[in-house]
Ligand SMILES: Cc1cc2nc3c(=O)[nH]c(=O)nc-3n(C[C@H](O)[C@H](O)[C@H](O)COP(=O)(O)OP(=O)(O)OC[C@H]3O[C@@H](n4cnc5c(N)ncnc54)[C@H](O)[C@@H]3O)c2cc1C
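Okay, so here's just one chain, in structure tokens, the form predicted alone.
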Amino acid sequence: MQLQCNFLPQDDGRCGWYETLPPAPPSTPLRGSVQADWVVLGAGLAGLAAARRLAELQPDAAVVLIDAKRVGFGAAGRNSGFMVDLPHDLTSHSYTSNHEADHKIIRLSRDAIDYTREIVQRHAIECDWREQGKLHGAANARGVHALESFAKGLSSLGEPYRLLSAQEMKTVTGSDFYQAGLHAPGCVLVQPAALTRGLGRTLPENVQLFEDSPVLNIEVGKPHTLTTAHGRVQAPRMILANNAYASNFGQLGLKGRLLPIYTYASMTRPLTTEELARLGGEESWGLIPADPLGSTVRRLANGRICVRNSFTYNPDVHASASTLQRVLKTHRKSFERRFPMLPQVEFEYTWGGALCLSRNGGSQFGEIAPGVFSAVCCNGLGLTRGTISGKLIAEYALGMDSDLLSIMLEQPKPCRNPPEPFLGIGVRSSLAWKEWTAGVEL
């Protein structure tokens, strides 16, 4: 079976998380022929966790991890840096639904946080790891009602939270934009590109990491063969951890089930001492909007502010320059609404990043062909869902069993999408409508 990799990662703008890191050491591209026991495609959070867990459980096995770009450059380093522990649906107001299902999602998410925390602490990975929770902010009556519903859901789950008044929100954020808020303590905030790069730098010795090595063709067989422009990897077992790019692989049943959805962010230059004083508030916080398609905002301890909003359906898994220019204008308006006291603060970076969603919130987890395992479709929760999917797919592929594996295996699979052009029309119309209804929250 031949798989063509028709869509490969692009630059998609200048990501502030990645660009503000120290320069990375030279990469090691794949050259020549390499034999391995395992090959993992995609060095995002799922791929890093899968390769690490395989190497931990089989220290004598040869594991190859391969990525088209540098570790930390792709989607894993382009998100807003929230390791979310609670149920969180980007596409609806239903933050909580079924109690039993919600408790299972919480278990998966918190195991991912625990697993990552141990690695970060053991290797002293500098990624601005902050166990300070997350804010939910409401800017209008509709948002306030959504937060009240969220609070009731958390109460019924027995989860802690604290409701915040408009004045309390201003004390934290420095902005009088928010009418109300909610603080949930279990979320961890990180610098996502620094975390991802650190995880790549500290892989076990029996993992070979090849970066800057776009895979052009995959021959599924005995063994599986992944071919790049300058080399190839052969291994009897393969793990797919390439998330939205797996929508290429129709022969494996993935095409027509995944939705490559892009979201966008901009990051300011560092604020001056005078600007920081004018803003006030706490030096570091992360805020998720009450409306799921509103603006996520991070204030960073280095004096920068990051704003994320806008969603587009990009089946070619690429963000055009014109789209980046358009969303930059939206980010500017969102910033000015929240921080009118900072009129001279410009954005230094603007970028896009691919989410992999499914219409029913399902994930493609398990063995999808002989010796081919999948851990794709994180539905917008890559830091936690990607990590736990990668860790557990390695355990599943090695024949292990656990309560957490049972939870992952009972999650729904992505449902089939309508054909194009109806799918594109429907998704784009839905996103446009939801962004319009978000109103001032955007």
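All residue numbers are counted from 1 along the displayed sequence. Just so it is clear, the structure is predicted and the values come from calculations on it, not from any experiment.
The discussion below concerns the form predicted together with the ligand, not included here.
The three residues A50, T116 and C127 each lack any heavy atom within 4.5 Å of the ligand in the predicted complex.
Among residues of the shown chain, L54 is not one whose heavy atoms approach the ligand to within 4.5 Å in the predicted complex.
At the 4.5 Å threshold, heavy atoms of R299 stay clear of the ligand in the predicted complex, well away from it. The closest non-hydrogen atom of Y264 lies within 4.5 Å of the ligand in the predicted complex.
At a distance threshold of 4.5 angstroms between non-hydrogen atoms, L8 is in contact with the ligand in the predicted complex. The stretch from 267 to 275, 176 to 184, 79 to 87, 361 to 369 that comes within 4.5 Å of the ligand in the predicted complex, counting heavy atoms only, is 79 to 87.
In terms of contact with the ligand in the predicted complex, the residue from P160, G303, P214, G256 that brings a heavy atom within 4.5 Å is P214. Residue L41 is the only one of L30, A36, L41, L392 with a heavy atom lying within 4.5 Å of the ligand in the predicted complex. Contacts between 358 to 392 and the ligand, taken as any heavy atom within 4.5 Å in the predicted complex, involve C378, G380, L381, G382, L383, T384.
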